[in-house]
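Alright, here's a single protein chain in two forms, structure 1 and structure 2, each given by itself as C-alpha cells.
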Structure 1
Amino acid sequence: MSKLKAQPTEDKILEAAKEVFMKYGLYGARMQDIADTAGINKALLHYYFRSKEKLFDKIFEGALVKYFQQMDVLSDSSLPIKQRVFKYIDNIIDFYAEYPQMSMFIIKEISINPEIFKEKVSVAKNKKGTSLINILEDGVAKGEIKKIDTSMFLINLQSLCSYPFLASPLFKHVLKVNHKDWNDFNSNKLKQSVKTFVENTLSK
C-alpha cells in the first residue's frame, strides 16, 4: 500500500506552469495565473525557480525531450522498415493524444525565438541519433521500400499524426456544426488511416 503523500510544491508548480505556458506561450502566460492554477502563493514560483524565463526553460526543455523521445522506437533494427514506421505511428499518436498541445507549443516558441531551439536541441535530441530519414533512405537503398522523396514523406507523416490533435478545437466545431460528433474521433481510427497512407506510399 503506497503512502498517500501530498504533491510537493515544486511538482504542482511544474504541472501548472506546463498548462499555462502551453496555452499562452512565454509572453502571454502570467505568473499569477500559474500560481493560481497550482493553488499556491506567487512568491513560491520565484522561490523554487528564480524567474519566469527559468521556469519556462524547464517546461520547454522537458517538452522537447518528450517530443524527441518518441523517435527512439525507430532504432529497433530487428524489425523491417515498414513495421518500425507502424510502431512509430502508434507511439507518436498515443503521445499526441496525451499531450495534444505539445506540438503547437514547441512550434510556436521556436518560431518566436529560433535561438532557443539550437540551445536546447542538443540536450533534447534522441541520443541514438537514428532519424526517420536515415531509416527510410536505408530502406530505399536496400530496395526494401519504394523509391520516395524521404523528406516529403516525413512531412506528410508528421502532418497526418500531429495536426488532428492540435487542430482539434477547430475540428470539434467544424465537424459538429456539419455532421458527426467529434467525440467519436478516436486515435485508433487515425492510426489506421495513417498506416494505410504509409502502406500506399512505401509498398512496391
Structure 2
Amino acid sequence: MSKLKAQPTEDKILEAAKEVFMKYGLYGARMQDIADTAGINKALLHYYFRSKEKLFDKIFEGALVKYFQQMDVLSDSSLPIKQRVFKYIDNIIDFYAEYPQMSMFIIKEISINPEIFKEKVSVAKNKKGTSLINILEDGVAKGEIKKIDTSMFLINLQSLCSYPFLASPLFKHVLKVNHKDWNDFNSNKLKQSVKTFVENTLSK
C-alpha cells in the first residue's frame, strides 16, 4: 500500500493539494486534479474542503508558519552577521523550492484581506524571528559591516531569493528562446549568486 493511500483522508487531500498547487499554482489547479492525485472522488473532496481557495489557504497557513521558522537563524548571535545571512539564504531558498507559490500567496492575501493577513502573520510568527533590518543596523553601528541602506538590502535580498521561483514560467520561456534549459537551473546556483550579492554589499 502506498504512503498516500495509508494516510487519513484529510491528510491525503492536503498532501495532494500541496503537490498540485506547487505544480499549477492557485489559478491553474483544479479540484478534480487534487481529487485524482489523492485517489478520492470530487464529492468527497468538497465534503472536506468546500472550495479550492479554502484548501489553498489551509496549505499556505501551514507554509506561513514554516516561512517564519526560516528566520530563526538570524537570532543566532554566536555567528557573525554575514554567516547568519548566508544560513538564512540557504533556508529560505530551500523553502521557496518547496513552496514556489508562497510569494504569490502573500501578495494575494495582502491585497484582498490585509487585516486578516496581519492576523495570520501574527499567529504564524508567534513572537519568533528577528528583524533583519535591526540586525544589520546593529552590525553597522558596531562596525562589523559597512554602512548600507538596510531597507533596500532587505528588498533586494528577498527579491533575489523569491523572484526566480515566482516568475519561473517567464524564465522558462526566455531561456528556451535563447536555447537554454530551465532544468539547468538549481537552488545551489541561486544560493551562491545571492551570497555573492551579500558578500559584495556587506563587506567593508
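Only a predicted model underlies this, so the values are computations on that prediction, with no experimental measurement involved. Between two forms, the rigid core is the largest collection of C-alphas that superpose within 1.5 Å. Along the sequence of structure 1, residues get numbers from 1 upward.
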- Of the two forms shown alone, the one predicted together with the DNA: 1
- Message: Using C-alpha superposition, tell me how many degrees the smaller rigid part swings against the larger one between structure 1 and structure 2.
- Response: 23
- Message: Keeping the rigid core superposed, can you check how far the CA atom of residue 14 moves between structure 1 and structure 2, in angstrom?
- Response: 3.2
